[in-house]
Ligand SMILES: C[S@@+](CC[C@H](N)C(=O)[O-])C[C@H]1O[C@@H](n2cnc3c(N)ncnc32)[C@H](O)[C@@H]1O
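Below you'll find only one chain, the form predicted alone, shown as structure tokens.
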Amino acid sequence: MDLLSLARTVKDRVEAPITDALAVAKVVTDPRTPLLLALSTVVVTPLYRAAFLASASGSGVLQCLAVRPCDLDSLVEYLEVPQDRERLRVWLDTGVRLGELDVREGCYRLRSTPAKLLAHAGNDAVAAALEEIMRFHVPALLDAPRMLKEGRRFSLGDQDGTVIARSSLALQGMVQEAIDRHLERATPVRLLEIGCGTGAYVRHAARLNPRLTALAVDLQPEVALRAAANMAEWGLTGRVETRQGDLRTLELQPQFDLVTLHNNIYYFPEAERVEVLERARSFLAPGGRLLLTSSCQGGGNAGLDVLNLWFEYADFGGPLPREDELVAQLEKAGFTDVRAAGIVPTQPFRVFVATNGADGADGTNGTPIQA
């Protein structure tokens, strides 16, 4: 090798790392790079992880892996997707790379603490809440401007009633505390629950008062069927009738001692709420009471703000209530002794109690039931 060739070889070997370093420096100094890296770390990756967890929980994969590690074929059989084995593998491997799953000796298993906690049956309401956020709340944030341009609204069909019914149980402790405070236990009680969801709150009331009987109603047929199945499983079919129905079209006698609406007043348009509450009062015996629980606007809760956004963009229902407005609506609907109270001081969750003081159609001379 002559001296010129040797010099060229040395020059090429020295310039290669210099060129690489310059390329890296050029990328790093691009003002978009730090922003992209920050978004990836702070926003995008956590969002991907949350979406994967919601999907894995909603499909039952987390619960399946909580029982035992499973190979790909077992999960294909569990999910009943024999024609899409390879795509399922890609999805599972994405969960591995996100850190939610692990794979050892060909078997997938739970890895992250959130995955293990969400797989626990006792945390089903939280898992459903995550699924609700990813499936319904995120699209509201993402699609709102486009929906305005297209004149499009969310419909009841855009929700999954069974997911919402499970998710609502995330507030179970507070609703049960409201029931504990206001349910009569010394005498028989005839209960009408509007929007019964899973039926869990009727079950709680039935446990507190062994002489309680109830009619549990839900607007969505699949939810009412699930509630009926739950009542059978809990041994309550002799005390609780479950049916699909709309409060606004129900034909019932004024025979109930207690009517309850838990976390669903915003499923009715704001302009119709006085009429809806009048309708609920018409089912109460004189002196009967309404127990209504709801998260209310205010308090700086981001989750409730986005839930409120969803209903603002829906073609049914309306915004979450404000405490003072709902009190006024109850009074306008003919209820007396209307009271509102919180359960947890820092939470915008409110309990509304009101009495049907009507001794007849004129709405007078009622005697409140004592709790």
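Each residue number is its position in the shown sequence, starting from 1. Because the structure is a prediction, the values reported are computed rather than measured.
Here the subject shifts to the form predicted together with the named molecule, a form of this protein not shown in this document.
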*Note which of Tyr267, Phe154, Tyr108, Phe256 lies within 4.5 Å of the named molecule in the predicted bound form, where distance is taken over heavy atoms; exactly one does.*
Tyr267
*May I ask you to choose, among Leu98, Leu72, Val103, Leu219, the residue with a heavy atom within 4.5 Å of the named molecule in the predicted bound form?*
Leu219
_For the three residues Ser168, Cys196 and Val223, which mark the spot I'm curious about, does each lie within 4.5 Å of the named molecule in the predicted bound form through at least one heavy atom?_
yes
*Is the gap between Asn230 and the named molecule in the predicted bound form 4.5 Å or less for some heavy atom pair?*
no
*Can you check whether Arg248 is within 4.5 Å of the named molecule in the predicted bound form, heavy atom basis?*
yes
*Verify the contact flag for Asn263: yes if a non-hydrogen atom of it lies within 4.5 Å of a non-hydrogen atom of the named molecule in the predicted bound form, no if not.*
yes
_Can you tell me if Leu292 lies within 4.5 angstroms of the named molecule in the predicted bound form, counting non-hydrogen atoms only?_
no
*Name the stretch, out of 136-144, 114-122, 86-94, 239-247, where some heavy atom lies within 4.5 Å of the named molecule in the predicted bound form.*
239-247
